[in-house]
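Coming up, as structure tokens: structure 1 and structure 2, two forms of one and the same protein chain.
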Structure 1
Amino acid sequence: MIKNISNLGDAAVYCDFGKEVNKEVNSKVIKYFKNLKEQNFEGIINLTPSYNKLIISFDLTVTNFKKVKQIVENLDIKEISSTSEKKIEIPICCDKEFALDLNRLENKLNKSAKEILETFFSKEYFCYMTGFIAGMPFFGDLEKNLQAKRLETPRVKVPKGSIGLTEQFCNIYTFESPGGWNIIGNTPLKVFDTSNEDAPNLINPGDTVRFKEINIEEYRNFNE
């Protein structure tokens, strides 16, 4: 299932599941991730799954590349129950003050804002991974006619709650952060909760979301 295993520096194993990015490949990544996490091997200190890669960091004072590579190669992959895979609705307000790049996208995609949003809201999205900043979910796949590149010059500050689009993916900025994705709206929903240590993420890899458009009043009243 893993196409290639190599080292990333001297304290991480880099598992490449192939060039393709789709739900099927990502499910394999998640399967390895969950099995390794569950079995809690000595010396493994971090697992970072992404679309089509899994990076396993280890404590070099305890183990080494060769040993961790063997663990991965000999891993007995069990089906892990998918009960954690939820369906979540995310309210988004696409008012001018939040939709920072909607005009830019109209030009890039040669479509009206209305068409862009209609297409965007028309389907469910799958959460491939979380990360970059704490709790940030990465979803896919956008319809082909919504796919645009990153901004040429990334923003120094993307507002918290922003929904960004790039290539076949979209994400939610859980904190104010630098970033180069095309911003089309903002959610008032708390997506990452630092006070909940056991489950800080509202959305986890494998979950499905549906975005729902709300107006500015609904946005403002959301947390009241």
Structure 2
Amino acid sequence: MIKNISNLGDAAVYCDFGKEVNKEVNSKVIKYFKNLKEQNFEGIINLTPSYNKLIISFDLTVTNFKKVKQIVENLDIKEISSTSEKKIEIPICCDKEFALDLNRLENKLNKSAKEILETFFSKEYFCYMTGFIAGMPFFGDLEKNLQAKRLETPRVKVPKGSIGLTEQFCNIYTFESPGGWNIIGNTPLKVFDTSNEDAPNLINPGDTVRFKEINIEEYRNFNE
């Protein structure tokens, strides 16, 4: 469970679930996050989950650290439902136009592009968190034989929809942005939809994703 609960500035609570980064620990973070969000406790204004931490921001005019800490400590995690978690299929085109770092990974991992992609597409991935840029999902856990470090020099612009790998994680760039992850393809699917004000994120923490490879023609015709 939570290893430590402490102040973070004047109006936030920092919940530390430990140093390990794995599905078991992250599932606990997500359960606390969802329970707090669903119960809508007075004074809590924002919840920010990460791999193994949860930040709870609160309104100082309504509540305080001691009260929020008590709320967290009294949560019965056993009663938290996970029925809202989804399984989602994400199409990816790995044509050379989109697979910007596949050749680099071949050299780094000592594997062919075919072997890398076959391994990548062979399993499901668990969404640990969203963030960095709006709606960007972070997935774990890549097979050990696919794990590589970030680019030595990050790109100034990574195209929207790019799928990146680094260390044990995978992500999807929801907007064009700087980034140093190894890009293996691109999805035509809209992962973050600003027109959907109630639920802009297609993928949320706790969801499971399976990637499906599509060809360049399917990619170009996807949204028609």
Partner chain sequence: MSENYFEVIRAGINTTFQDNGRKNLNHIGIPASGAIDKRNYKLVNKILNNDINHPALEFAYQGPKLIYYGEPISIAVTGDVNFKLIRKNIETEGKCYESITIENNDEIDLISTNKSVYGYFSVTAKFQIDYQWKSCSTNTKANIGANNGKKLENSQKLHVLDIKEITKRSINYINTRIENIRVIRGTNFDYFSKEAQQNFFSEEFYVTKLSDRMGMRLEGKKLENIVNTNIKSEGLVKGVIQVPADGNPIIMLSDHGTIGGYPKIATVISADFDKLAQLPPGSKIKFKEVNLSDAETIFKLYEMETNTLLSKIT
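Residue indices: 1-based, along structure 1. We call the rigid core whatever largest set of C-alpha positions still superposes within 1.5 Å between the two forms. These numbers come from a predicted model, not from an experiment.
Trainee: Which of the two structures shown, 1 or 2, corresponds to the form predicted on its own?
Mentor: Form predicted on its own: structure 2.
Trainee: For residue 41, is the CA shift between structure 1 and structure 2 at least 2 Å following rigid-core superposition?
Mentor: Yes.
Trainee: Please check if residue 52 moves between structure 1 and structure 2, taking a CA shift of 2 Å or more relative to the superposed core as movement.
Mentor: Where the cores coincide, residue 52 shows only a C-alpha shift between structure 1 and structure 2 that is less than 2 Å.
Trainee: Against the rigid core, is the Cα displacement of residue 11 between structure 1 and structure 2 at least 2 Å?
Mentor: It does, since the residue 11 C-alpha is displaced 2 Å or more between structure 1 and structure 2 after the core fit.
Trainee: Once you lay the two forms on top of each other by their rigid core, how far has the C-alpha of residue 61 moved between structure 1 and structure 2, in Å?
Mentor: Displacement of the C-alpha, rigid core superposed: 6.3 Å.
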